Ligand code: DGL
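This document starts with one chain, in the form predicted on its own, laid out as structure tokens.
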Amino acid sequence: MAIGIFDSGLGGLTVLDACAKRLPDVPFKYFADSANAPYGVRDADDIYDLTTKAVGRLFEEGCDLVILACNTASAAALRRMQEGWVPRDKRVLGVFVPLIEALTERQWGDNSPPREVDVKHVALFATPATVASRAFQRELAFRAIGVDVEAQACGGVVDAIEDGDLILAEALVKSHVDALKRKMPDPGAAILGCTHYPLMEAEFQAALGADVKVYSQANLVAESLADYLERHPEMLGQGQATGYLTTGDAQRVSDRATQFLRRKIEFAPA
């Protein structure tokens, strides 16, 4: 009954941790494509090929439902996967929709026409590939009107986090927030559009100011997953044990994961 969680690297561990706390009886299989990270600087076809290969591996592990805990993969590959690649008895879900539904205060599964919302100016911080895809803006347009989104590609942040260089990551966050504010001086809300970024949420909040509401994804995705499984219990796959797989150096990835989550995490080679 395992649920698969995929990310290009370690950022999706923020989603895994939240999901495990929300659903303590559900085992999770995590796949980190660390050998090919980061995805944010790759083109759409490359991201699609890498993502389908990783998700296919999770299907083999007994996961009938896989969450793309990677905004870049959700932006660049998910729709194409759902339209022609995902088998009928499997499901692959992204991380954008729960975030947008929280921003627009809509219930999960609300398919009513788009309407005006309180927040008019939204800052989006994401990888270059996510920004280029405009997937966030497209999904938002299905649910809200009159919202101005200013996107900031945050080059280097994922690499710094993956390398464990949080001093560099903090400096880059400040630089990217400054660049965003030159384009949108007074955002009402900020979206951390990469699952690595919650690890730097305090730094984003400090740079943006206390009056800007910062949305990150982990807890929102966990709540949405719990709701989805309540409505679709048949999507609990055949996998029975929590586990961690990586295409990278398993020991190095394990050490970084243990540092991030502050508990022992052991990855096995994929």
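What you are looking at is a predicted structure, and each value in this text was computed from that prediction instead of being measured. When you see a residue number, it is the position in the sequence shown, counting from 1.
There is also a form predicted together with the ligand; it is not shown, and the following applies to it.
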Heavy atom within 4.5 Å of the ligand in the predicted complex - the one residue of 158, 99, 200, 122 that qualifies:
158
Just one of 81-89, 173-181, 68-76, 110-118 has heavy atoms within 4.5 Å of the ligand in the predicted complex; which?
68-76
Within 4.5 Å, heavy atoms only: does residue 38 come near the ligand in the predicted complex?
yes
